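Okay, here we've got a single chain as structure tokens, the form predicted alone, with questions on binding and movement later.
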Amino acid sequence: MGPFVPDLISDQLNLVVALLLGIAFGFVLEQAGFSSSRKLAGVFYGYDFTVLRVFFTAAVTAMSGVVLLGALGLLDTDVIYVNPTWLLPAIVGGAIMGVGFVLGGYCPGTSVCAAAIGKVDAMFFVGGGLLGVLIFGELFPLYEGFYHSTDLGAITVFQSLGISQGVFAFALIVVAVAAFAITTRIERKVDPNGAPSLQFPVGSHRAAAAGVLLLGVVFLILPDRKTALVERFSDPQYIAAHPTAVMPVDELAFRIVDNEPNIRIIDIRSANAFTAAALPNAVNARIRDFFGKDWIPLLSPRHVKKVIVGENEQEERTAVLLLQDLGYENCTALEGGYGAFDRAILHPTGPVSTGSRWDADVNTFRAGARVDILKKIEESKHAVKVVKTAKKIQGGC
């Protein structure tokens, strides 16, 4: 993944960066005229839609960056914090904030910006906001139940609508372009002589609209990188054409019994299956987890053999191919999957009989390994290793 905040900036330095970004953000807001309550209120009265245009521009720009960086593998979108949604409280809170926006002419951010340059009305707005926070906190027990109602979790808009990320990105761009066109007409009708849109260079704006719509088409057909790779490596024909290293169950049993330090067992079964029957010192992950930064320290050492354990060998081979594509080395699949290991080592139905002169030795080894491994499993049940997940980046307006 790319060089983003979690790996380069500590929590302490992050506060300094946030302060500097806040100052820059406030400066841009003031220069854009957002310290004027008249300009901000103009969106509700139809004579100035600058705020709406800025919001749409910011949304499309941020969305485009996230989608493109994620598609290129430079941004781990799984560590981006998504605010949980409580539907009804959010609607009520939005309505209250909207009324306050209309009456006061500011939102919380722009009011602080205006107050910083000495505007008296903004100072009263900030004071009223702080008073509202105090009253809200003091009366919170009265509506705490409603505050926590209709919890939808940390969902995104496209997930809630049941559409793909690309379709939503294209739809948002279409809505943004349409909003620019419609608000331009409204402005010029409400204020034919002083509408801000009268200063727009028509040719440049049309070219920009065409360009951003073309970008939306790209998002529409751009496949999700993680899904595309998993589907590619899950294809039986691809697996057959790209053989991977396989470790026999007896070899894995021997390495476990021998307490070999240079082996790492990665169990890709479900969390429930892993909890019910985990091999000693194994760690649990799903295949899509390997895209995250959390696994880099665990999987990067080249001298450590990574053994992938899954429900079946095909699932393991998919994981091995993905890990190899992501740049990890020395990865191997367990022959036959966890089921084969369980039938041969942990809970055999009888002695092995292949007709070779080594059958007695194999049965003796497996009997001893079974006792040792089951004991290790029992000891490690209360100390199952879990990879620490990275703290999600929080933020927002």
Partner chain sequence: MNTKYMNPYLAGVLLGLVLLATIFITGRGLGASGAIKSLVVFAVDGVAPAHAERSDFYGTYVGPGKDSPLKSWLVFEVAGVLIGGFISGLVSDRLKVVTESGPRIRPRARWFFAATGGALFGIGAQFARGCTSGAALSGMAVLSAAGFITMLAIFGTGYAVAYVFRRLWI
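Positions refer to the first chain, counted from 1. Everything numeric here is computed off the predicted structure, so don't read it as measured data.
Quick note: we don't show the form predicted together with the partner chain, though the next part is all about it.
Only one segment in the set 280-288, 308-316, 101-109, 248-256 has any non-hydrogen atom within 4.5 angstroms of the partner chain in the predicted bound form, and it is 101-109. For the candidate spot formed by L19, G33 and W86, every residue has a non-hydrogen atom within 4.5 angstroms of the partner chain in the predicted bound form. Shown without its partner, this chain lists V218, V82, I296, L326 as candidates; in the predicted bound form, only V82 has a non-hydrogen atom within 4.5 angstroms of the partner chain. Among P261, G162, G203, G137, the residue placing a heavy atom within 4.5 Å of the partner chain in the predicted bound form is G137. In the predicted bound form, at least one heavy atom of Q199 sits within 4.5 Å of a heavy atom of the partner chain. Proximity of V371 to the partner chain in the predicted bound form: non-hydrogen atoms within 4.5 Å are absent; the residue sits far from the partner. Using a 4.5 angstroms limit between non-hydrogen atoms, T156 touches the partner chain in the predicted bound form. When contacts are judged by a 4.5 Å heavy atom cut-off, Y338 does not count as touching the partner chain in the predicted bound form. Contact residues in stretch 28-54 (any heavy atom within 4.5 Å of the partner chain, taken in the predicted bound form) are V28, L29, E30, Q31, A32, G33, S35, S36, S37, R38, K39, A41, V43, F44, Y45, Y47, F49, T50, V51, R53, V54.
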